[in-house]
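The chain below stands alone and is given as structure tokens, in the form predicted on its own.
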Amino acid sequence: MPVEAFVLPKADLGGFVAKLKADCEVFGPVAKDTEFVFGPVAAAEDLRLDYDTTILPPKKYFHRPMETLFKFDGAVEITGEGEEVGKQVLFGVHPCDINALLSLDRVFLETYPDPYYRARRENTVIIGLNCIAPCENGFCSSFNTGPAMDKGFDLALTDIGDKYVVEVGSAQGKELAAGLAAASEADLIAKNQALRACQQKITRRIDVENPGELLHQNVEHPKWEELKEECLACGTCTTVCPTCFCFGVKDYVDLSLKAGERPRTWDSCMFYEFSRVAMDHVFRPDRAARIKQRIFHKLTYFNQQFEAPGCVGCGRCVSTCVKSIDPVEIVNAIQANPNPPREVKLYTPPAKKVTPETSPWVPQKAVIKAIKQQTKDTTTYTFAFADPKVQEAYTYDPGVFNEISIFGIGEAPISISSCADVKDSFDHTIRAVGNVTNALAKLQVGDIVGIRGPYGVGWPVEEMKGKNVLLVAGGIGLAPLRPVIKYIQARRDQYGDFEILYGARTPNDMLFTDEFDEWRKIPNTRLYLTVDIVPPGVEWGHNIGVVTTLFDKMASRPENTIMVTCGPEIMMKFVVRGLLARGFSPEQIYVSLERRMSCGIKKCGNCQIGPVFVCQDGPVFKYADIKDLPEEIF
């Protein structure tokens, strides 16, 4: 279908901008010293439509550098959600940045739509500006994200000398073009000639048919070690990137120590602490790993997850990097001297689109109904939502998690340790090791917390039906697996033989000890226990050694068996190795990576392991799906 096109004489630009400003705030490229930024436009004279690129991309008008998710007053009262959004026009947006916004739409508007980003997108008119001259470090033609745009705009302008060709991209754009003269055939020819001339001048390219396959074949390429010595891990590249979306969330309180707010702030995968997870573990401490993560994310992971470009070739990262680290040069160097080719499998995330009626950021009130001490530092809390209707509608699968909020402290993702068959409450078994969990440990029955969820992918209880089940747990890892035990117990005739192997550091560190006799009475079920050490004076009549020493005692064999495991990463690593050596296949093994999570809804980026978002693609994974990831899982 032909695009409607009009012309806007440059002499009439002032009147056109004034018409826009009558109803909306207008932002566009304006000069800042010797460079350009997107900023407020008082009149058409402020616009610098001859700009090459801006310091920051226009994503800042949709995904704010810092933004309040909600405010709270006292322990649990939510007093405000986000800021009021007015109508705005972004004028003169280049094709690369428009394509970047379309990529961000996949992050923020699909699964668990972000209400703040959505409100700004819905209240914004995009007037694009096609490029008639390449920018110094741009390589947009590598991804078909420039120099011209074909979608994502309300109006698209192309400079053809004394006027602009104005193409219509939406019904709203057509209204704005009312009164403009139709473009002639000569105008359209001039537009096409200008764009072709610009295309021919773009000499910087990533000329690889499948960048993802090339990078996956060269995970251990020596180029990454070279970059480690160059990169300063300053995070500038991610700050100026138009598709980077990662952020951190932290609570702030006022002087009353009761009222406060929960903002999110841009963060960077280049920072050491970005991958810090539960129990103070940093799973990406090395600069080579971090720059590899960034380049892989831009050129392959983003597309694997969102089916959209993660890099649009704007060149800002090159322009602002004090070491001039350049994705084009990196890919070309690898392509010129690649590792021997090998077969690779690109990860495909599970399909999931969830659109809740309420904001996914705002917790529901939940009351602590009971507290049961499991060990000296681990407690089971029984919760019920304060609103009976919320509790009645609440359901979940074994292995998924909630976000638990202590307002003024923060929130933490914690797996549910009860079975959904119990409808009037749910349990979380929690070790007090961080700010949120230590604050929770100070609460009493009747106190209120915030709960978001449930989130994630749980244990394959449906796939396990008709099969034997082997459950291997270590320490606190038994908590996410307890729902599997309860689920099988309630449906015992639907499963084959059931074996539970559980290890802890000492007998005093074992969870749910009062339930062991009950589990032993489940038909065709065997429970094996082990500890690393037995302190003096403690009675222990079971195995001593790490949990894998129980493999010689178990009856489970690979035939018709599914294995599920959760515990410390080092434990799961040797559990998987041991079972593979005994003939189990990667397709039979499921692991939980729950402690590597943050926001819970695939928005903040903290939980990424290679192309995987643990919070939504997991936390439970089939080992076959993740064993060949470019980044080690444990």
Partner chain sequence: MAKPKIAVFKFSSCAGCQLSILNIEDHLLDVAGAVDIAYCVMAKRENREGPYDIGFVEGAVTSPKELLELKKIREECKVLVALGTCACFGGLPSIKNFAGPQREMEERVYTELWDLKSIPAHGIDYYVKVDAYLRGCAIDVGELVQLVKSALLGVNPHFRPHSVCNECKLKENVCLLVNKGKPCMGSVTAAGCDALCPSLGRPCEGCRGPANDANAASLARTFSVDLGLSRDDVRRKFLKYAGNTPEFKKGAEAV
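Being a predicted model, the structure only gives us computed values, none of them experimental. Residue numbers count along the first chain shown, from 1.
The form predicted in complex with the partner chain exists for this protein as well; it is not shown, and the discussion that follows is about that form.
Only one listed stretch (141-149, 380-388, 264-272, 125-133) carries heavy atoms within 4.5 Å of the partner chain in the predicted complex, and that stretch is 264-272.
Residue in contact with the partner chain in the predicted complex (any heavy atom within 4.5 Å), chosen from V461, L550, A177, I409: I409.
Here is the short version: of M571, L69, L580, L56, the single residue with a heavy atom within 4.5 Å of the partner chain in the predicted complex is L56. In the predicted complex, D50 stays away from the partner chain, with no heavy atom inside 4.5 Å. Although the partner is absent from this view, E229 contacts the partner chain in the predicted complex, with a non-hydrogen atom inside 4.5 angstroms.
Mapping the unseen interface onto this chain, A289 falls outside it, with no heavy atom inside 4.5 Å of the partner chain in the predicted complex. Using a 4.5 angstroms threshold between heavy atoms, E35 counts as touching the partner chain in the predicted complex.
Counting a residue when any of its non-hydrogen atoms is within 4.5 Å of the partner chain in the predicted complex, the hits in 304-324 run S319, T320, C321, V322, K323. In the predicted complex, the CA atoms of R596 and K622 sit farther apart than in the displayed form, by at least 3 angstroms.
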